[in-house]
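Quick heads-up: it's one chain on its own, the form predicted alone, in structure tokens.
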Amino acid sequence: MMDTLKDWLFWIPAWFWITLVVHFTILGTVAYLILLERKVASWVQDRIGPNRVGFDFGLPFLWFLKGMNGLGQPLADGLKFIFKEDYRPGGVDKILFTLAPGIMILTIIISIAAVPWGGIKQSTRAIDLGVNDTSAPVPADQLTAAAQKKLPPGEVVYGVPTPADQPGTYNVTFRYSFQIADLDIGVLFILATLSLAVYGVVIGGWASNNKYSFLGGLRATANMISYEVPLGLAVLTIVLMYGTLDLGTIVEKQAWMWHGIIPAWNIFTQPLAFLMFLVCIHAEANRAPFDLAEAEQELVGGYHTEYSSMRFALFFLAEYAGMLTTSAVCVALFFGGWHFPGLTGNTDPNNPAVTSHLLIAIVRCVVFFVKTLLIIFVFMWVRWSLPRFRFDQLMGLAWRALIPMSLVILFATAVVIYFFGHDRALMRVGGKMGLILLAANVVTLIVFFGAYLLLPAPPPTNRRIRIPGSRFNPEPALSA
């Protein structure tokens, strides 16, 4: 019975189980990111934050689940959204009004598929390949093709199957990526999918038939389009270094140590690209100080002013899910993804991503997830530390600072790779090349700030004016 169950489970693709675990983990994490947001806000503002709601549900016999430092707060928030009135004002476009939040959450959920959580898992299993035993040896390509047909989708034969104990049965070694979808264009897929989220914002703002929502949609469009340019250039800098759009391969090439002590992560070779990427994902997520699209003081609530109940909850959850996805991409590009010094278990010396231990693959996922949460903490820290930009400052930062800087650092990276190169067999960035790239970043920053001082000053929008009688601009008061 147990053998039959194991065989049945074997034919279910590994990506199916990974999909279940990843999506349930992401959705659960999104709920508790809202609690974390409130806790970070209370920490910054020197107060306690949510600490009353537990899991007792008001029942006396569950007194031991009361409080629990506010861990039941996300559940209470979810129930509040479910039972709130699903209000829809008159004059809205009924179909688009409902479709907009669905577009937001759908694009975020799809983009998670290409995130490489735990490297590559290698396993060996005895499988009856259905090859007739003859005196002549079976060709290797025939064995490999027969083994590939016997494996679930997404799992690839590695090497040539070898005969097992029983006749017609072979030991088949196969590998599968510890991610939902192993795409050769993973970076491009995630950026292209996330860029579609702007349609949800724009459609929601337009369909609401509200001038504040419409203005919020316009602001979000200008914001996201402007910051997608330096975001793409920052990513292109990393793609240029490794010659691939596969996120899994980019993580793999960072999974080693310089001189045995320094992780070969791109944060040490491309700090400017990292800073630009971090700023841009703040803007892409419409997070403070880039939350011009929902500025309460000016637009009431922006593009989601007219939304309530679960429609608003989808907008709300999509924002946090987008933070999670972009933070995961940031970890993969600049912080080595699942790589952690001392975490070994490699099976293939030429490919550090491969491991034959399921526990090692799970620990790698935990490492990746913890790094992602640290980036999300930066999101929340920035929100409660910096004031909101004016719109002209928002556009100026993108077009006068980030885009020129990203172009310069991309050009500098191309020059360094052309003249100094790296190990073309492994496509890794060696210690010497890493130092040269770091020096190029420093020189770029110095040259950029020197050139910025020579550029014409931005338009004097919102310039200060003298106010008679003001204690900030002392001036004699006008006589009556």
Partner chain sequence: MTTANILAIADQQQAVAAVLFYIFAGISAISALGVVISRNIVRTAVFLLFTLVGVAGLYFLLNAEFLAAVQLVVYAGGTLILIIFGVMLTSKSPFSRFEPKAVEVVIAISVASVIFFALVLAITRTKFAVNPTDFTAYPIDKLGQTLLGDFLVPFEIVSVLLLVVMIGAAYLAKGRRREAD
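Positions refer to the first chain, counted from 1. Quick caveat: nothing in here was measured; it's all calculated off a predicted structure.
Only in words, not in the display: the form predicted in complex with the partner chain, which the text now covers.
Novice: Scan 400, 80, 149, 390 and let me know which has any heavy atom within 4.5 Å of the partner chain in the model of the complex.
Specialist: After the contact test, the surviving option is 149.
Novice: Would you kindly say which of 86, 93, 298, 128 lies with a heavy atom within 4.5 Å of the partner chain in the model of the complex?
Specialist: Only one option qualifies, and that one is 93.
Novice: May I ask you to state whether residue 124 is within 4.5 Å of the partner chain in the model of the complex, using heavy atom distances?
Specialist: Result no; residue 124 lies far from the partner chain in the model of the complex.
Novice: Check whether residue 262 has any heavy atom within 4.5 Å of a heavy atom of the partner chain in the model of the complex, and answer yes or no.
Specialist: The answer is no: residue 262 has no heavy atom within 4.5 Å of the partner chain.
Novice: Closest heavy atom of residue 358 to the partner chain in the model of the complex, within 4.5 Å or not?
Specialist: No.
Novice: Residue 76: heavy atom within 4.5 Å of the partner chain in the model of the complex?
Specialist: No.
Novice: Tell me the stretch among 210 to 218, 298 to 306, 370 to 378, 312 to 320 that has any heavy atom within 4.5 angstroms of the partner chain in the model of the complex.
Specialist: Correct option: 210 to 218.
Novice: Between 50 to 84 and the partner chain in the model of the complex, list the residues on our side with a heavy atom within 4.5 Å.
Specialist: Contacts from 50 to 84: none.
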